[in-house]
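Presented below, as structure tokens, is a lone chain in the form predicted on its own.
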């Protein structure tokens, strides 16, 4: 059975999604969906262990060898992404579709869409075929539009529609890039594509293909200034959907950027010939500051978190733009660390919405006494966003600073530290509202239910645990970066 794990990783959620539509029984669908996410987490952990022991694990469908057949290829990098996506899904899915427009008795629609989104993201990460990347990306995107539209008010529908338009443009750009690469090489297999591109890399067609692919991926990743879909999508989606998407969707898009740059085209060509870092570095730095500044001025907690995500994406792309093994490792480890912190914070927003009925920051006055466990979770995850030692945020920023210093980029090091001060401002603003202001008169003092608190605290405590146990995250990220750069052209 273990030799079929790569196929089962994607088949389980994708095949279970239509099964949920047929079964329709709320409890049965819920249990089945949760079993699938837990099973996928177990499979991803097994694949991670296998990839670290024996190298790249290749699964050929129908035993057709590359480039004739379709294959899944699992190395340390995408195994790490598979673990992130599966872990977040397994933690947040038990909450279900509360705080959404899903009518009672129609919960199966939510679980079907969630599993399709989940399966699509896993497929993007695991496939060894560039056209399959596009197919799985569209599967996850179409399901994402549905999930966002399930938010509590009509603004969720508008946010989903806006994301649909922008996401379709991004997918079209990516498809054009893939088509141009196929025109030049006659193959869609990633490993074979990397070999055949060596003879035609500097042709105008390949350069245009790279430009189209990077724009398409950057839209999905919400790289500044292509980020405008993200704030509304994260703000108006149901809290569970916001937590899942913020922790997974942009991470998979970042993985795609890594794969195109390091595996397909090669870092030497992308950074030395095309000088992609000249574009990526200033955009990353701008995202770090603009995202954090925008977060400071928000009046809604979820919208604050959404703009904070734009800043965090800037940290990831900054690590990539440094064009070094340390920089790539810093970006990769931040995939995991940001997933824990931001997933936990969006679940905190769900707790607040459930009990307070609003995520407006002004309505969170006195939350420290009204919902002490929820407020404490916010503080701990918020400290991670700042980068306080003992949290995963510190691990990410230390790795990024180390990478910048290794390149003797002193100005970038200073800017990283200054951007952390901006994070301190918006986190302190939340702490001040929760602990230093009086609760509204007659406000109910009632904690969120365990169904919300347990997943929230799992992610929050994990953000502290992995802040100390860095070898299991930063060590894997360094191994992944070494493998990526070692295989680059």
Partner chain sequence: MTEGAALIDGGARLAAMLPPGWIMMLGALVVPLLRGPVRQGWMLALPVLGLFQMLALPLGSEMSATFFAYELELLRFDSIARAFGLVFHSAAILSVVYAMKNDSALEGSAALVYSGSAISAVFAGDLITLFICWELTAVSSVFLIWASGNERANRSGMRYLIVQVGSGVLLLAGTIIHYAETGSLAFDHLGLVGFGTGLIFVAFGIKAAFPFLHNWLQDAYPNATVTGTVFLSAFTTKLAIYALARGFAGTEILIPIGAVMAVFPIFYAVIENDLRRVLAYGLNNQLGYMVVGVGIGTEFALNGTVAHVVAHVIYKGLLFMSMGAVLYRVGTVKASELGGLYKSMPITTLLCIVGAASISAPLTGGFVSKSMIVSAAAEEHYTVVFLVLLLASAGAFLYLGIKVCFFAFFGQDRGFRVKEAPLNMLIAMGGAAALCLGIGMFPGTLYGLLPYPVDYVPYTVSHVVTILQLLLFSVLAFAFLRKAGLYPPELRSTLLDSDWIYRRMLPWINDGLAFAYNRAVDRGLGPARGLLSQVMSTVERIHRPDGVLGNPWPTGATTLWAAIMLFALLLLSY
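Just so you know, these numbers come straight off a predicted model, no measurement behind them. Numbering follows the first chain given and starts at 1.
One more form of this protein should be noted, the form predicted together with the partner chain, which is absent from this view; the next part is about it.
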Note to self: Can you tell me which of 270-278, 103-111, 375-383, 80-88 lies within 4.5 Å of the partner chain in the predicted bound form, counting heavy atoms only?
What the structure shows: 270-278
Note to self: With the partner left out here, check for me: in the predicted bound form, does some heavy atom of residue 415 sit within 4.5 Å of the partner chain?
What the structure shows: no
Notebook entry, point to check: Does residue 259 reach the partner chain in the predicted bound form if we count a contact as any heavy atom within 4.5 Å?
Noted result: no
Notebook entry, point to check: Does the 4.5 Å heavy atom contact test between residue 76 and the partner chain in the predicted bound form come out positive?
Noted result: no
Next item on the list: Mark residue 474 yes when one of its heavy atoms lies within 4.5 Å of a heavy atom of the partner chain in the predicted bound form, and no otherwise.
Entry: yes
Margin query: Between 294, 409, 285, 354, only one gets a heavy atom within 4.5 angstroms of the partner chain in the predicted bound form; which residue is that?
Written below: 294
Margin query: Looking at 252, 304, 219, 313 here, can you tell me which has any non-hydrogen atom within 4.5 angstroms of the partner chain in the predicted bound form?
Written below: 219
Notebook entry, point to check: Taking 211, 398 and 470 as a possible spot, do all three reach the partner chain in the predicted bound form with a heavy atom inside 4.5 Å?
Noted result: yes
Item checked: Within 4.5 Å of the partner chain in the predicted bound form: residues from 195-209 (heavy atom criterion) -> 204, 207, 208
